[in-house]
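This document opens with one chain alone, in C-alpha cells, the form predicted on its own.
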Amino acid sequence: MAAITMRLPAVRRAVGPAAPRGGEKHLVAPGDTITTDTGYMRGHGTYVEEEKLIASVAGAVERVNKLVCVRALKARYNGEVGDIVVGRITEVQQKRWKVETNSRLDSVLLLSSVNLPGGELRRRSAEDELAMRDYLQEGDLISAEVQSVFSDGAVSLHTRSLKYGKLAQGVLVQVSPSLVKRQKTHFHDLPCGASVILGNNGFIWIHPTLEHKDEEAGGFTTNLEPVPLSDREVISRLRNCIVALVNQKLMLFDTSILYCYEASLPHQIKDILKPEVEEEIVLETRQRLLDLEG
C-alpha cells in the first residue's frame, strides 16, 4: 500500500498583506454607505436609499468623474475589448462556436473570426462550415482575444493572430479573474523551460515552451509527441506555485510566478501545498517583489 501522510490541525500564521500599489483602495461591504453627496451618479454595485449611495456588493470603490461604482472582489469574468482569454469549446453551431470563458454567458467565436489553416484571408464557404469540427470541437481548449462585448455582457472572440488558437499538452488552472494582473502581454516564456498564458478570465494555461510554431496550420495543430519527464515536473511545480499564490491572495503575473517557482526549488513538488511550506515560499516571493518595487 502507498504511504499516507497525516497531519494534525494547527493554527496557521497569517501572512501580512502586500504593500498597496497606486495607493490604498476604499473597500466596502454590502450595506456600507459610500457617500451622502447627491452629486454623484450611481454605477454598478451600488444603489440609492434615503439620498445615500450604498454598496450592494463587497469590493473596491472606483470613481470616474461623477460616476461611482464598486468592483466586486470575487465575481464572474466581465469581458473587455482586447482581453486575452483561455476558454473551452462547449458547442459547435452554425458558423460559430460557443466557448466557456468563466463569464455569466457563453462567449462566441465566429467562423469568420478565426485564422484557417494556411492563413488564407478569404470569405468562408459552405465547405469551411461543414469542416468546423475538424478545426475545433467540443472540449477543445483555445486562447483568444476579446473582439467585442454585446449589450447583455456576452463576449465575441477572435483568433486571427497566429499566437492564438488551439491548445494542447499542458495544464489548466482556474483562479479568480481578480487575481490576474493586467499587463501588456499575457503570453510568457519563463526561463525555467515552460510557458504560461495568463487569461484575464482567470483560466491559466501552462505548457512546454515551443521551439518553433507551425504558421501554416493557422493555430489548429495539436502536438501529440510525448512530453519529457523534466518538462512535466516543471509544469507541475509551476501549477502548485500558482495555487499557492492564489491561496495567499497574491497577484499573478510573470514575475510573481517566477519568484515563487525559484523559492519552491528546495522543496519537493508534492510538498509545495503543505501550509507551512506554502507560507514560507509565498512570504519569500512577497518580500522579493517588495524589494523589486523599492
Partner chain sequence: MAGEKEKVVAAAGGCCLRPFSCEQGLLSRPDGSAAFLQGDTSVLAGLYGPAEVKGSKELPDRAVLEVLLRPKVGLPGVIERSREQLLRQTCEAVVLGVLHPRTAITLVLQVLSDAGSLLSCCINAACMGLLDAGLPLSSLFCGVTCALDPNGAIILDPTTRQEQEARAILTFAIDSPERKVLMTTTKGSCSVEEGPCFPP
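Residue numbers count along the first chain shown, from 1. If you superpose the two forms and keep the largest set of C-alpha atoms that fall within 1.5 Å, you have the rigid core. Here the structure is a predicted model, which means the values were calculated and not measured.
We do not show the form predicted together with its partner chain, though everything after this point is about it.
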Problem - Among 68 to 76, 156 to 164, 132 to 140, 193 to 201, the region lying within 4.5 Å of its partner chain in the model of the complex by heavy atom distance - result: 68 to 76
Practice task
Taking 4.5 Å between heavy atoms as the contact cutoff, choose which of 61, 57, 258, 53 touches its partner chain in the model of the complex.
Solution key: 57
Fill in the blank from the handout: As a check of understanding, the residue in 182, 124, 95, 104 with any heavy atom within 4.5 Å of its partner chain in the model of the complex should be identified as 104
Exercise for the section: Using a 4.5 Å heavy atom cut-off, state whether residue 27 contacts its partner chain in the model of the complex. Expected result: no
Practice task
Report yes if any heavy atom of residue 31 sits within 4.5 Å of a heavy atom of its partner chain in the model of the complex; otherwise report no.
Solution key: yes
Handout entry: Touches its partner chain in the model of the complex: residue 211 (any heavy atom, 4.5 Å)
Key = no
Problem - Within 139 to 165, the residues that have a heavy atom no more than 4.5 Å from its partner chain in the model of the complex - result: 152
Exercise for the section: With both forms fitted on the core, give yes or no for whether the Cα of residue 42 moves by 2 angstroms or more between this form and the one not shown. Expected result: yes
Exercise for the section: Please say whether, between this form and the one not shown, the C-alpha of residue 235 moves by 2 Å or more once the core is aligned. Expected result: no
